[in-house]
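Quick setup: one chain, the form predicted alone, written in structure tokens, and binding and motion questions come after.
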């Protein structure tokens, strides 16, 4: 059986893979993601997200040559602006206020690496539109969500109370959660990494 490693400590990604019945190890890549920001400006959001996922997979794969390594990343763009995770709840409040009443794009990428080389990758996008919520509503959601939202680039969780802030969602649910799961499972099957 192929040894499978997830190059991420994301609780959501771990849960998605566990729910799919996969056996895997966790080895976060610890990349300086800000160093990739110039790619967003020069090559666009799809190339940027793909580069982040590939870099994570490649980094962990180099020290685990016998394994198939999953690297994943998700970015959020509001128009031509790339947004990052908030460092604290105050930052999350400011981030949510910027998104209020607007549409934004989540770009989720996943890559597979073996022996330090990328052997497969894909990128998918979703468009989400928030309601024009009040400061009171924002504070209510922050109180309900707590620090859990600090792990999300958008400072929200569609699987939690944050869903109340949304007007519409267009795209694959797994992509929105940060892992294009169906194409990944198909690729893992092709690489013999699924137990039969």
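Positions refer to the first chain, counted from 1. Note that this is a predicted model, so its numbers are computed, not measured.
A second form of this protein, the form predicted together with another copy of the chain, is not displayed here; the remarks below concern that form.
The candidate spot formed by 21, 173 and 189 is fully in contact with another copy of the chain in the model of the complex: every one of the three has a heavy atom within 4.5 Å. Contact annotation: another copy of the chain lies within 4.5 Å of heavy atoms from the stretch 163-171 in the model of the complex, the single such stretch among 64-72, 26-34, 42-50, 163-171. When contacts are judged by a 4.5 Å heavy atom cut-off, residue 135 does not count as touching another copy of the chain in the model of the complex.
The shortest heavy atom separation between residue 194 and another copy of the chain in the model of the complex is within 4.5 Å. Not displayed here, another copy of the chain is approached by residue 182 to within 4.5 Å at the level of heavy atoms in the model of the complex. Put simply, residue 159 is close to another copy of the chain in the model of the complex: some heavy atom of it is within 4.5 Å.
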